[in-house]
Structure formats: structure tokens, C-alpha cells
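For reference, the chain that follows is the form predicted alone, supplied as C-alpha cells.
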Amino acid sequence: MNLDEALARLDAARTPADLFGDDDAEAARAYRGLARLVHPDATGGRTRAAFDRLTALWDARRHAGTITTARGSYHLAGRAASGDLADLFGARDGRDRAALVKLPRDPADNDLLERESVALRQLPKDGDGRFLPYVPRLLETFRHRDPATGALRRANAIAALDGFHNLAEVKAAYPQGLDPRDAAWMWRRLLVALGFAHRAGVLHGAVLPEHVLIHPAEHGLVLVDWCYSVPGCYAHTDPSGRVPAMVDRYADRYPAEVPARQAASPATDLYMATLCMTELMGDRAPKPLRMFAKGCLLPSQRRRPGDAWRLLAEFDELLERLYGPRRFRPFHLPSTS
């Protein structure tokens, strides 16, 4: 096959099956052959659009169909979201329950997916079961071989979450700043999530806007993406206590101990959580809340608060002084589209 023939095949294909067929081995060979011919590096950039189409069709084929594991099966229904290092695919498990299958884009990040699975197993084992709704539920973890490259990837299957939005979406919906009374319940629940995790011996390591999900109507919160976590049960294999990696685009959101490769602590998570909440409110935060936040953002890790439950009690006292007795405040998240 020459370049013109490859381009003609791509132009005629409407579905992955049109281009690759049904046999996995033949499909992988077809993909590799076409990729060599239409790769932009081989044509001086002239075939960028064709290569992008090839990639999209191959991606759709790879992540369609059923993955069978030792414990069950997952029928994938396409990419649901893309995270910092992994893609999440909507799925139904063998009992027709909604799930998300999380796969790293680079097999070099398998260790971070494994770190997440360790944390999500430790939390229900060592934590207070009343607070399990604040973290994702791990269905299973398994290895999945890429049919094109043969690369072995660590995959985590997680129970799906419906009706949730991350804090980056909340900020986009309220660009002038969120009412502090609305931010208050989110902040409270984030402290509960961290208090639960820390008592169970797990640091999250990346409390960033995309990793904090809220349910507007139910005032729910789930802290997701535990790939950067420091589970206590890792101490015998990794006694450093360091956060294993950083999200580059948020490099300025980490406290000094993380880029310095020093041991993290609960104060590390509380620093990042505080930035999430102060950013949401912007200039609308009253001075007492700004002063409260300032104490959580001190440069010295040892001088910052390190107990989420104690900090929550102080926060509740502050909220009562500001707004009176706690009561439910309906929250609406307007569309940003």
C-alpha cells in the first residue's frame, strides 16, 4: 500500500470496523501500517489531518467492546473524561452497573494507577465507614494489554458518579466569585473528606480543582484522583513520605515541601484545599475567612494546621460568628456553555 491508497482508505472509512476489521491482530497490523505511511513526520506535516483521523478511529476501536478480567467484565462505551495522566471510559460491568475504567495514557505511569488502587483499598479498610461517600469506590484493579503496542497498562475500575461537577466548573460558572455562604459547605465537606483520609493513614497529595467534585443539589462532595497519594501502608516500600509526582500546570499551587521532594503531611493537603476554596470566592471572601485561610497557607509546613478535624471545628465556629446557626442553603450551578 502506498500513501495515496492509505489516504483513500482513511477517506472512505466511516467506522473503525471499515478501516481495521474485526480481528484484533489484523487490526493492530493495519493500524501500524497506516500510521507509518501517514505520520506527519514521514510527510513533512502534510498528512496531519489524516493521521489525526486515523488516531481517532483507532482510539474508538481500542476502547470499545468488552474487557474481561479475572473478576468480571466491562463493556466500554467511549471516553468519558481525560485527566492529567489517564483517560476515563464509561462502562457497564457484568451486572449492568455504571462504572468508569481508568487507563494511563503512558504505561510509565502504571505505578501511579497502582498507588491509587492501594489508597482506595486502604481507605475503607482503615477509615470510618460513615465517610466512604466522600471518596470513589474501587470495583477492582487489573492489567490491560494494548492490542496495538502490546503495552501492559494498569487499569482501575471505579463506580460511576452521577450529577457531580468539579470546582473548576464551579469557578467558571461564577467568574466574579462564589458567595462565601455557598463556598462554606463545600469547604466543610472537603475538610471532612481530608479528615477521614488522614485518620485512615492516607494523604491525597493533589487537592486541585478538577479533583474535588461537588453535587449541587445534594451538597455532596467526592475527592477523586488518588494517583498522587501517599498511603500509609506504602511506608515499608517507600519510607520517604513524598508526593510521587506533580501536575505540571498546577505547579504554583503546591506548598514548598512538594517541589522540594520533602516528606508531605496532612498540612500539605490542607494547604492545597485552602487554595481551592479561596480561589472560588475571590474578592468576595470576608476578612475573617481570609485570615483563617492565611494561617493554612504559611510557608512553613510545621506552622500550618495539620489536623483537618480540629480545623473543621474552628471553621464551624468562624462560620457561626459570621452567618449564625448553620442551615441548608440551596445551590444552583448555572450552565457555562
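These numbers come from a predicted model, not from an experiment. Position 1 is the first residue in the sequence shown; the rest follow in order.
Separately, the form predicted together with a small molecule exists; it is not shown, and the next lines address it.
Shown alone here, Asn166 lies within 4.5 Å of the small molecule in the predicted complex, counting heavy atoms only. When contacts are judged by a 4.5 Å heavy atom cut-off, Ile158 counts as touching the small molecule in the predicted complex. The closest non-hydrogen atom of Leu191 lies beyond 4.5 Å of the small molecule in the predicted complex. For the chain shown alone, Val170 is not a contact residue for the small molecule in the predicted complex, no non-hydrogen atom being within 4.5 angstroms. Considering the small molecule in the predicted complex, the lone stretch of 138-146, 81-89, 68-76, 173-181 in range is 81-89 [heavy atom distance within 4.5 Å].
If you check the small molecule in the predicted complex, you find no heavy atom from any of Ala200, Asp269 and Ala308 within 4.5 Å. Site annotation in the predicted complex: the residue of Val258, Leu221, Val224, Val118 reaching within 4.5 Å of the small molecule with a heavy atom is Val224.
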